[in-house]
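A lone chain, given as structure tokens: the form predicted on its own.
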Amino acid sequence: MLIETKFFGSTEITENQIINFPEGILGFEEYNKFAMIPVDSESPFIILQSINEKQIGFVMAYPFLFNSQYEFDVSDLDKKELGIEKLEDVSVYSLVTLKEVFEESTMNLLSPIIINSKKNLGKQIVLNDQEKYPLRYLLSKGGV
């Protein structure tokens, strides 16, 4: 399937790259289907691109690469909504805001994206402790 993307222009994706977000992404609740598109094989970043709207695309990364202390519990309700049966089926990403000066780039640790890769279901959850999980965590604090 060929889609128009915010960052790469026309891009070929496969059906298994499409993640269904029944509730959308915070602020973009009307968009429910996104493709996960790797930037390249060595980059810690991946693109979450709406398959319906070219301008709706986000840069994401594994938060654990940038903050080895990052951890949180997923509620039973979220597990149920995502159909999570095994921990190995779950991937966690954080939305990234890249700045012209990389050291000023940030990651949203407060509202991670949880994906059940086995069922291609995703959800953005909001954690409760903004001090422990900053909305704008500097990537330069991490080890990448």
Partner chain sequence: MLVLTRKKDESIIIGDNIELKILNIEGESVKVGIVAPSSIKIYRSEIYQSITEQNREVLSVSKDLLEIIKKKK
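Positions refer to the first chain, counted from 1. This structure is a prediction, so every number in the text was calculated from the model and none was measured. For clarity, a rigid core is taken as the largest C-alpha set superposing within 1.5 Å between two forms.
Just so it is clear, the following notes concern the form predicted in complex with the partner chain, a form of the same protein that is not shown.
*Asks:* In the predicted complex, does every one of Ile19, Lys33 and Tyr93 come within 4.5 Å of the partner chain, counting any heavy atom?
*Replies:* Checking in the predicted complex: none of Ile19, Lys33 and Tyr93 is within 4.5 Å of the partner chain.
*Asks:* Does any heavy atom of Thr14 come within 4.5 Å of a heavy atom of the partner chain in the predicted complex?
*Replies:* No, no contact at 4.5 Å.
*Asks:* Give a yes/no on whether Lys6 approaches the partner chain to within 4.5 Å in the predicted complex, heavy atoms considered.
*Replies:* Flag for Lys6 set to yes.
*Asks:* So in the predicted complex, is the partner chain close enough to Leu77 to count as touching (4.5 Å, heavy atoms)?
*Replies:* Output for Leu77 is yes: heavy atoms within 4.5 Å of the partner chain.
*Asks:* Considering non-hydrogen atoms and a 4.5 Å limit, does the partner chain approach Glu88 in the predicted complex?
*Replies:* Looking in the predicted complex, residue contacts with the partner chain do not include Glu88, since no heavy atom lies within 4.5 Å.
*Asks:* If you check Ile51, Ile84, Ile47, Ile114 against the partner chain in the predicted complex, which one has a heavy atom within 4.5 Å?
*Replies:* Checking each option against the partner chain in the predicted complex, the one that comes within 4.5 Å is Ile47.
*Asks:* Heavy atom within 4.5 Å of the partner chain in the predicted complex: which residues of 96-126 meet that condition, in order?
*Replies:* Going through 96-126 in order - heavy atoms within 4.5 Å of the partner chain in the predicted complex - the hits are Val96, Thr97, Leu98, Lys99, Glu100, Phe102, Thr106, Asn108, Leu110, Ser111, Lys123, Gln124, Val126.
*Asks:* Honestly, after the rigid core fit, is Asn128 moving at least 2 Å at Cα between this form and the one not shown?
*Replies:* Result for Asn128: yes, a 2 Å-plus shift.
*Asks:* Given a change of 3 Å or more, say if the Cα atoms of Lys80 and Asn128 sit closer or farther in the predicted complex than in this form.
*Replies:* Residues converge in the predicted complex, at least 3 Å closer.
*Asks:* Just say closer or farther for the C-alpha distance from Glu103 to Gln130 in the predicted complex, relative to the shown form; it changes by 3 Å or more.
*Replies:* Note: Cα gap between Glu103 and Gln130 widens in the predicted complex.
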